[in-house]
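Just the one chain here, laid out as structure tokens, in the form predicted on its own.
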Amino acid sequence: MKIKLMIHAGVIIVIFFLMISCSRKQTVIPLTELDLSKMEQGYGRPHIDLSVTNNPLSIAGKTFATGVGTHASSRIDIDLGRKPARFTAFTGIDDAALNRRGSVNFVISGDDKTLWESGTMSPGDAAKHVDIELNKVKILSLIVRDAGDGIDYDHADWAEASFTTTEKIKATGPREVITEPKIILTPKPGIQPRINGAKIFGVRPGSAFLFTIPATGEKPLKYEVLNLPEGLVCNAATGQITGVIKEPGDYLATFRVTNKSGSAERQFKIVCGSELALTPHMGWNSWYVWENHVTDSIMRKAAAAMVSSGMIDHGYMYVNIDDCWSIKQTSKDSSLLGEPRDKNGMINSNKRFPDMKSMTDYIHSLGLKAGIYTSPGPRTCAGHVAAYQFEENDIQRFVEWGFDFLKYDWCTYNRIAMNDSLSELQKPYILISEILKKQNRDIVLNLCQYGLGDVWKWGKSVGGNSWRTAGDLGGSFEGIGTALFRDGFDVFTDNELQKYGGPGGWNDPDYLLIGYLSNWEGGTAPSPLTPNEQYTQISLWCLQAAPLIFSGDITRLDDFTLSLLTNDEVIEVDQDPLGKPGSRIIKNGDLEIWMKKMEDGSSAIGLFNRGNKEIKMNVNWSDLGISGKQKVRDLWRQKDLGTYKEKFSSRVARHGVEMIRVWPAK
């Protein structure tokens, strides 16, 4: 009887374990079945069973029926819940990029530890097979990075990608689980006067001069300038300095701003010569919030908001239209149609901009400057009429309208250029800068050609006052965070851009993408950058001496966004008259230390944490080439931290920064 019971019990146990085994049967889950909207990528959107160009997946001549087509830089996170799983795939550059310069590196990481890496892959390379067992991994990340030459034609395929597991899995997105409070670190300006912004300004002899003294303090303020050069006057109520200087030379003046609580003075140097943009440009651009919806009304409201928000009091100056102001002959929208040029070949604006001269006059009346956009090709990026073969006419028109800034975007000129040789890359910019030199109006020139031909090495010599160093930071709404770390940190460091920027010509890593931005679907949404990343972007841009051009909705500035844009001690790093870009001094995994030398002998230092966990960072003075006791000031909090003998330490949040300035202690 006991034997029979034991047999029955044994059968029951076997059946029980068989049931458990059946219930835990492994299943294959293709990557394509997950929510690919969680994937961030640097261009376009992920495609199921197709390449990013919407063609069949093909790597080195081999076609794959299933998989995901993406574009560097990209990333998707999958929550495996620490359960056993297996991932398999074939990786490579899609054949749509054959005979192009694309190159990528596929990386698979588990909980931020690298588990597999393809190494550099180029068009035509055979697919690399990945097959890895995953144990106790919470978040698996599938990452595609550019291999150091930008993201052009980085069409990356995860072919036949799938998971084998007994558990449910889901895509979380790199940012879905991130919750960071919007902590305002910048103190509000006090009631006493404080003079801000640039300490030096360039103008050409005989050109119209316009500069508004940036100052905070309880209004009304009274503005004065001592030793103002002959030909200039200062409006005591607005701080606007206008007029014309006829004689070249360096003029040292003194600003004085007074209110009922006190006064402030600061020296200001006016350099009347051949060079403009002696400090990086500061202002606003329409593209990343309004893109092809921009109008005259939007530009006027933006200018008014730059004044009412107080941004003008911190040194912001330019109000710039991007693409879509000229005629688009192929449009179905009647507001964009019309004659591209008049009978004399002068370019016309579309109906959304009925009177350009009136608009720039309004912007100038507020003490601000106006910028415009076009391309050396026959069409702009958005398909509007551009400058090709009408360069002289268009510059004359911009002068007639009263513009002060020109963004010159490569775009369709790639159809004109005979090849990608240096002479062909430089040709349209040499032409336009020579035309600009002949004008009786100062127009700052921004070369927007995405870093082609190492433009930082020759941008200034062809007349550029700034040059884009990489692709669009906001090429896709989801990819802004990925691009920030790629284009902000790595492009600058890999190419040693600190050697090339300086007074008159600046490295331009693109705009400040905070606040409300276009979602590229006809609406707007808050920046996908986390609060920490927003502090990181502005800190890094200032340490690099990059232009500070905000491209969010300037009419909807919340207190957090405004605090980021108007910290005068952080801006002072960017606008320092020495004009020496900082650089990365130390890299230890995800931790980086950057330093910028300042005119007064101090150093601005950024402690950046590119990792996903808060960590304590140390910086030794000896590693920075400085010695002795150093006085340390927290620039975001505008607070003295004390004197430190050999090193400084601070906890730095994930994707965050601590920005300090140090002086030898007396």
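Residues carry their position along the shown sequence, with the first being 1. These numbers were taken from a predicted model, which means no experiment stands behind them. Just so we're on the same page, rigid core means the largest C-alpha set that superposes within 1.5 Å between forms.
This next part talks about the form predicted together with ligand GLA, which is not shown.
Chemist: With ligand GLA left out of view, choose which of D487, D553, D576, D322 has a non-hydrogen atom within 4.5 angstroms of it in the model of the complex.
Modeler: Comparing distances to ligand GLA in the model of the complex, the residue within 4.5 Å is D322.
Chemist: Please identify the residue among I435, L98, M595, A382 with any heavy atom within 4.5 Å of ligand GLA in the model of the complex.
Modeler: Partner contact (heavy atom, 4.5 Å) among the options: A382.
Chemist: 255-263, 402-410, 557-565, 491-499: which one contacts ligand GLA in the model of the complex at 4.5 Å, heavy atom to heavy atom?
Modeler: Going through the listed ranges, the match is 402-410.
Chemist: Going by a heavy atom distance of 4.5 Å, is R397 a contact of ligand GLA in the model of the complex?
Modeler: Contact check for R397: no, nothing within 4.5 Å of ligand GLA in the model of the complex.
Chemist: Tell me, yes or no, whether R145 is in contact with ligand GLA in the model of the complex, where a contact means a heavy atom of each within 4.5 Å.
Modeler: No.
Chemist: Looking at the partner-bound form in the model of the complex, is W287 within 4.5 Å of ligand GLA by any heavy atom?
Modeler: Result yes; W287 sits at the interface with ligand GLA in the model of the complex.
Chemist: Is F353 one of the residues lying within 4.5 Å of ligand GLA in the model of the complex, judged by heavy atom distances?
Modeler: Looking in the model of the complex, residue contacts with ligand GLA do not include F353, since no heavy atom lies within 4.5 Å.
Chemist: For the stretch 425-455, I need every residue with any heavy atom inside 4.5 Å of ligand GLA in the model of the complex, listed N to C.
Modeler: Residues within 4.5 Å: C448, Y450.
Chemist: For W621, state whether the C-alpha moves by 2 Å or more between this form and the one not shown after rigid core superposition.
Modeler: After core superposition, the displacement of the W621 C-alpha between this form and the one not shown stays below 2 Å, so no.
Chemist: Taking the shown form as reference, are the C-alpha positions of H655 and H71 brought closer or pushed farther apart in the model of the complex, with a change of 3 Å or more?
Modeler: Between the C-alphas of H71 and H655, the gap widens in the model of the complex (3 Å or more compared with this form).
Chemist: Did T295 and G44 drift closer or farther in the model of the complex, going by a CA distance change of 3 angstroms or more?
Modeler: Result: closer.
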